[in-house]
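Presented as structure tokens, the chain that follows is alone, the form predicted on its own.
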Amino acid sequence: MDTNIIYCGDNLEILPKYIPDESIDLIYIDPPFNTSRQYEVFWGEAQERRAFEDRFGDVMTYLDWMRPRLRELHRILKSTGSFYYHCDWHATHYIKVELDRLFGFDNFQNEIIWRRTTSHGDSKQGARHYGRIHDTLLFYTKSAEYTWNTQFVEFSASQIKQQYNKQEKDGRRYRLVTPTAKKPGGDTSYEWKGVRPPKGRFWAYTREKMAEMDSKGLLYYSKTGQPYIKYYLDERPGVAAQSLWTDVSPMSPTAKERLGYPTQKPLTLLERIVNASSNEGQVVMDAFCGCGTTLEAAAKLKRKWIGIDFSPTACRVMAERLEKRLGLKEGIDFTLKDMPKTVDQLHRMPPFEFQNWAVVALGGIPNKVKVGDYGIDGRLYLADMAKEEKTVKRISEKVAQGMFETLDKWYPIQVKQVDKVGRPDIDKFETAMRRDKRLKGYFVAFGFSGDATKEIQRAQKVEGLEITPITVEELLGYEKTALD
């Protein structure tokens, strides 16, 4: 089985094709939530925007869509593996019933509540419900034997004040813990410095261990002579993480890791899950990996990983993220597989996805605004603009950062996901070219009508406007030639 790979496609097709039974150690998924909303997503790093629609109608339709995917995920999970389903209030309880049937109720380990924000606009004055500020993570395993590494969180100020309420002369804080226990075991009722354990309790340590702790100054004696063990704050790992997560901050609007994906989760959230439920070298999968947070966490923590997403734009952003944030190289450290390669696949692609693909395949930069773009979907920058730069990719990054906005050496690109572009479409593109004072441009579509071709010829002969029509089939040929 290949790992460190991003598959582009429907996970219901990818999983049975590539992933064998019981081969994955940890699966985390954050699938669409059945929110009946449409997201217009702006991809900050790539200057892209795409349509993400998680509309399934009623919850039964959503469950019908998820059910075969959950069966596939259960199939590929190892008997010692763990599974996390990230969801919100829309379908949590329905999903839990499905997972109970699939994994078995006894293998349900936790309902984790993550406070993703401190307040929400849906609780403003006039709202008829409490503010919805949390997500739910349903944690299942496939058996009673599974990987588990306890995670710790920092002590709160109130915990420190209440529990570690004693200090050494140097300011070192500590708490006192009794060295007794309820159950006896060995020599546990001896007298220690004139004191025996309280009635009904026994020493938890041998005489030798008590003597060792005493010699190291780790025992504290009360006025009655009763010993206590000193637990120093700076030696404690923290408090074991509980099922309520309030210490993982939500994504800040200014966070460096933010990519503009509407349901992007913070890296710290996935790091906790990956650390807790897998070990180095094990395989982590995210079958709805969006902008790739799970993949970054897994790679950063030295796990093998597999990601799947239907969106070519998302897969491209994931690849860029792994390169930019972790220094991984596509084709060397990881593979991007099954990107759209046929005319039929491109016909079925969501409009914004198709638009992004066409502009990038042509070598251009997609507009960061897709709605109201006034007839121009992307820009193709001239080669002489790269004289002071070593690669076209670096030029693209500069453009995305707005550093070349004043430079005038670019060609407009228009994209239409139609079988045949008509004369009106060409007229609109000509108007956009005149407005931006462009004498040359590119138009990508599946085909062009006779009237469209005649207008392209007229515009060049009469007005000097050079429009190059490119079919999708031709563009696929360009990509293949470039790869060869």
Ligand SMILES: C[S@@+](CC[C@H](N)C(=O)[O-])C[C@H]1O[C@@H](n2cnc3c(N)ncnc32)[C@H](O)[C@@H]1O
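Computed from a prediction, not measured in an experiment: that's the story for all the values here. When you see a residue number, it is the position in the sequence shown, counting from 1.
If you look for the form predicted together with this ligand, you will not find it shown, but the lines that follow are about it.
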So if I measure heavy atom distances to this ligand in the predicted complex, which of the stretches 341 to 349, 128 to 136, 285 to 293, 164 to 172 falls within 4.5 Å?
285 to 293
The listed residue (T263, S277, Q414, N367) that reaches within 4.5 Å of this ligand in the predicted complex by any heavy atom is T263
I'd like to know if T141 sits close to this ligand in the predicted complex, meaning any non-hydrogen atom pair within 4.5 angstroms.
no
Touches this ligand in the predicted complex: S82 (any heavy atom, 4.5 Å):
no
Under a 4.5 Å heavy atom criterion, is F429 part of the interface with this ligand in the predicted complex?
no
Are any of the heavy atoms in I306 no more than 4.5 Å from a heavy atom of this ligand in the predicted complex?
no
Taking this ligand as it sits in the predicted complex, which residues of 300 to 316 have a non-hydrogen atom within 4.5 Å of it? Please list them.
I308, D309, F310, S311, A314
